[in-house]
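The chain below stands alone, shown as structure tokens; this is the form predicted on its own.
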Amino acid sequence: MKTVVLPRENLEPFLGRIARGHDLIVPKKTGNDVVFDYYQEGCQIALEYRRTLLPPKKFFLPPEEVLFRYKKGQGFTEPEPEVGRRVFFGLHPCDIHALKRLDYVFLEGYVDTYYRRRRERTLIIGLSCLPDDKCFCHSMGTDLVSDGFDLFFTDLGEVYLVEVGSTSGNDLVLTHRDLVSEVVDEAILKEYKTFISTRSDLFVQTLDTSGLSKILTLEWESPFWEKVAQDCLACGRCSMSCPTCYCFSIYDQVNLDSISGERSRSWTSCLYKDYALVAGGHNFRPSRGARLRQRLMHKHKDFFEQQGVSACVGCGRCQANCPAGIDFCQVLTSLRGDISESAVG
């Protein structure tokens, strides 16, 4: 893998040039939160953020989108494909891993053409990060990344060590070769090794994932779920802020002329009471405990058994955004027998 060095003072010119030929998406500070948004000249990029309010998935699987429009006698028409190329700057390793999880869902087997169009026209530039007390990506094996990006920037203070992960990423480097150096000296290499070794010691939140899918299977009927769910508001904020939750509802809207309309989809959550409601009024998961169990089972058991990796990437958004303060790492740890009163009320 090719590696180059970008001096810190060259980052802004580098991104500014990219923005002239692409739609550039960057992390921005908004109030007390950081969000991914489109770059504007002079905007302040949040280079040292921990996590964004919403994950990158909103740019690949929008919260709401029209799938097709229809009119009697004219058939169905899909919305015009979005045009232009996008560059996504500043994705942390966990969010890059999350996109790879979404690729399993939307690009393997049945291909979601809406997702594929956005994915194919987007280049990914990753950015290193340091954990806070809610990050547990180290436990999930997603704190480092070796693929799934076009470029990856590791912040070493005065310079960025830039890994090239694709031919498109290499083209970006070659186009702006006057801003980078292709020489990685011993001092920079030493700084990189120090960064990697010291970063792993900064993780406070941990989760033992060994045998977790089997433990979840054995605890299916446990009263533990209802106990934990006493604090759960079933608001769905953990699902909406999760970078790998992909459930959506499909609905039709008929125009007043009764002969035209559109079909759309929008994000939903398995924590919602009507999520498992079917015709006849039967609900497969009527209690909050059953719905909370479903969410954790899918993340750490079902997806793991299907794809060989957990659907959770340890970004900490679920815990950071839960209004009830539920610590999902502690919930799962409690299932191993190490009961934490703070986790289960």
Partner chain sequence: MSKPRIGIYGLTSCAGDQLVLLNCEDELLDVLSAVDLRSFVMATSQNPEGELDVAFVEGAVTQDSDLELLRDVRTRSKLLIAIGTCAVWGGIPYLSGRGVPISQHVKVDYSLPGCPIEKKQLLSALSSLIHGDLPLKLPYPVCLECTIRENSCLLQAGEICCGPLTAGGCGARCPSHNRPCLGCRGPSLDPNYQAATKILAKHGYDVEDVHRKLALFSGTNSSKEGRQVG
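Because the structure is a prediction, the values reported are computed rather than measured. Residue numbers count along the first chain shown, from 1.
The following text describes the form predicted in complex with the partner chain, which does not appear among the structures shown.
**Q** Could you tell me which one of S197, Q74, S258, S210 places a heavy atom within 4.5 Å of the partner chain in the model of the complex?
**A** Selected option: S258.
**Q** Out of D252, E80, E186, E108, which one falls within 4.5 Å of the partner chain in the model of the complex, going by heavy atoms?
**A** Selected residue: D252.
**Q** Each of C94, H97 and V145 near the partner chain in the model of the complex, meaning some heavy atom within 4.5 Å?
**A** Result no, not one residue of the spot touches the partner chain.
**Q** With the partner left out here, check for me: in the model of the complex, does some heavy atom of P323 sit within 4.5 Å of the partner chain?
**A** P323 belongs to the contact set for the partner chain.
**Q** Evaluate I45 for contact with the partner chain in the model of the complex, applying a 4.5 angstroms cut-off between non-hydrogen atoms, and reply yes or no.
**A** No.
**Q** I'd like to check something about L54: if you look in the model of the complex, is any of its heavy atoms closer than or equal to 4.5 Å to a heavy atom of the partner chain?
**A** Close contact exists here: in the model of the complex, L54 approaches the partner chain to within 4.5 Å, heavy atoms only.
**Q** Please determine whether Q230 contacts the partner chain in the model of the complex, using a 4.5 Å cut-off between heavy atoms.
**A** Although the partner chain is absent here, Q230 would touch it in the model of the complex, with heavy atoms inside 4.5 Å.
**Q** For the chain seen here without its partner, which of 112-120, 235-243, 187-195, 213-221 has a heavy atom within 4.5 Å of the partner chain in the model of the complex?
**A** Result of the contact check: 235-243.
**Q** Using a 4.5 Å cut-off on heavy atoms, which residues of 277-291 contact the partner chain in the model of the complex?
**A** R288, R291, in sequence order.
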